[in-house]
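Here you get one chain, nothing else, as structure tokens; it is the form predicted alone.
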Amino acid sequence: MAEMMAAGDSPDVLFWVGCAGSFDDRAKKITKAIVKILNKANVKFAVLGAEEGCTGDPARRAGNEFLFQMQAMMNIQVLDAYEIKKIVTGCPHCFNTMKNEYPQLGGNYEVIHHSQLIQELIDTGKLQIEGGGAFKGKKITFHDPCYLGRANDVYEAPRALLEKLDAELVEMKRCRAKGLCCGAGGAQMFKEAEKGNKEVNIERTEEALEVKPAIIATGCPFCNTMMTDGVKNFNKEEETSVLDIAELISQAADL
């Protein structure tokens, strides 16, 4: 973004990579898939690089409001300095925080999730998928991320993308508004589990495996980690893979 501004240019959209997409080895693959899609569709985008900080979502969910406001204000200052208008995120936590909580601190932007942007690119003809490629006829189930689904009512965009793959979309018994959390939200990703007879991600993975999918599709790096761990727990890695929506579309478009 700094280089683009120095050249007197501005992007159509800022890609907010997020902590997971920057540092987690598995989530980096999702970041790369999103970038491949943006490049293929000739979307003029920029990233903040080292100027991007955590949105503050984990801090606020864990109860550290002071840290949240510090992190948020630093990001808002950077975004406003670059006169950013539109942001796309690869993570529903970043999406929810910037869309719904930053305005309270003076940060007003159009924020969309990557599944919404990809759907927009396909609908406007900027990105084309010729059949589902390797996913044609495969059984895919979609796990609704809490901060995408229940918190922001985004249910159709990810499913519309899966339908473009000519795959068989099968729903879990708890889906859409009744979807079950993977167990990572609310800063639970960063602490040990509390007492109980089962981990939340194990419960959710059981529901996913019940429909016997070839692929569990996710739209969130946290969900991806939790569902992957769940699949490993049941030794089902050979039969069922966990992939982000962006990875599915990127592979189907042969990027």
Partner chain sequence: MGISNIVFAVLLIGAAALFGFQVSKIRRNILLGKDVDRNDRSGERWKLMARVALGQSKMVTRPVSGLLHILVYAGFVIINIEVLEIVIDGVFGTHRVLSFMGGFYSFLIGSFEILALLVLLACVVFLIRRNIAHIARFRSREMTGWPKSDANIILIVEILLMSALLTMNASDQLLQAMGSDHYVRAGAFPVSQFITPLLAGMSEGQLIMVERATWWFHIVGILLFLNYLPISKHFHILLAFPNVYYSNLKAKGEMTNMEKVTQEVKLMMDPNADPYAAPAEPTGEPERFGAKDVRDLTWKNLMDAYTCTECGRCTSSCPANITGKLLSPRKIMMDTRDRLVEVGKNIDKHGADYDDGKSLLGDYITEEELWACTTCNACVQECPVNISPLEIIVDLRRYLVMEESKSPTELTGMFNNVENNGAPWAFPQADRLKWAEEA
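Positions refer to the first chain, counted from 1. None of the values given here were measured: they were computed from a predicted structure.
Keep in mind the form predicted together with the partner chain is missing from the figure; the text below concerns it.
Taking the partner from elsewhere, no residue among K126, K138 and V242 has a non-hydrogen atom within 4.5 angstroms of the partner chain in the predicted complex. Mapping the unseen interface onto this chain, L162 falls outside it, with no heavy atom inside 4.5 Å of the partner chain in the predicted complex. Not displayed here, the partner chain is kept clear of K86 by more than 4.5 Å at the level of heavy atoms in the predicted complex.
Although the partner is absent here, V47 is a contact residue: one of its heavy atoms lies within 4.5 angstroms of the partner chain in the predicted complex. For the chain shown alone, K40 is not a contact residue for the partner chain in the predicted complex, no non-hydrogen atom being within 4.5 angstroms. Residues of 22 to 36 placing a heavy atom within 4.5 Å of the partner chain in the predicted complex, in sequence order: S22, F23, K28, T31, K32, V35.
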